[in-house]
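We begin with a single chain expressed as structure tokens, specifically the form predicted alone.
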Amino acid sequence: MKSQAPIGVFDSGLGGLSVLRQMCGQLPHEHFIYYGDTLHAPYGVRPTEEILRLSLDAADQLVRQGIKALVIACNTATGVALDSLQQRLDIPVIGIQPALEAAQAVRGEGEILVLATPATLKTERYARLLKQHGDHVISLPAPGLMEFVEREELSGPGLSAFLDQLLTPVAGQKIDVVVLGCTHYPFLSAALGHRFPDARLMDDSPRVTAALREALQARGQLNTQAGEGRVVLSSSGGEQAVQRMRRLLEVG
């Protein structure tokens, strides 16, 4: 496959744009096709069998467009579908997961708080992560949080009240690291950082980007041609969802 072929990226909605933004910054010559399954968002509260089916369907749509690699920019979809997609596709498939290993490297004397969807926290992949890197980890399911990003509600009294209630179980605890275990959550970093001023907020997009670069280099498919790469946005939610994607990509 030619090095100029695009890289496919999918998420249950808009959250994977945080990963896309990281990859565009670090791999500026690459072309990307992003698919957000907004019509079926959120994945994180759906049954495992349905998440798998939706993930396979999203991947198939991107593969038909001639992608040279696939990035699952959704922690829930990674936890459920990564193994299946790696087995059935002959291109590199890279998934995102809660950044526990990176968090342990910077943790001090406090705890690591993992915010993620209920489905992500129930996956076998997350159980394996906990077994390897689970010391001083508090796993907190956050149903409903990603929907604030889907609505472009990144601040305001509604989000503030929601976070106040969500974070009640960890009130008063010393938190060194907050792991953003859903790709929507980096867009809420300002609101979360305000509640954890002494903590470091981390997500897995730097590791994913590095893994993608390594996989492309190993295959001789890294695009080194001059010029800025193209980004194509698409969504099962139609043009209105695509317009929200464009606006969210401009968020600093």
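The numbering used is simple: start at 1 and walk along the sequence shown. All values derive from a computational prediction rather than experimental measurement.
In what follows, reference is made to the form predicted together with a small molecule, a form of this protein that is not presented.
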Residue-level question: is M146 within 4.5 Å of the small molecule in the predicted complex, judged on heavy atoms?
yes
Heavy atom to heavy atom, is V80 within 4.5 Å of the small molecule in the predicted complex?
no
Is there any non-hydrogen atom of C182 lying within 4.5 Å of the small molecule in the predicted complex?
yes
Using heavy atoms and a 4.5 Å limit, would one call G44 a contact residue for the small molecule in the predicted complex?
yes
Listed range touching the small molecule, judged in the predicted complex by heavy atoms within 4.5 Å, from 240-248, 21-29, 8-16, 227-235:
8-16
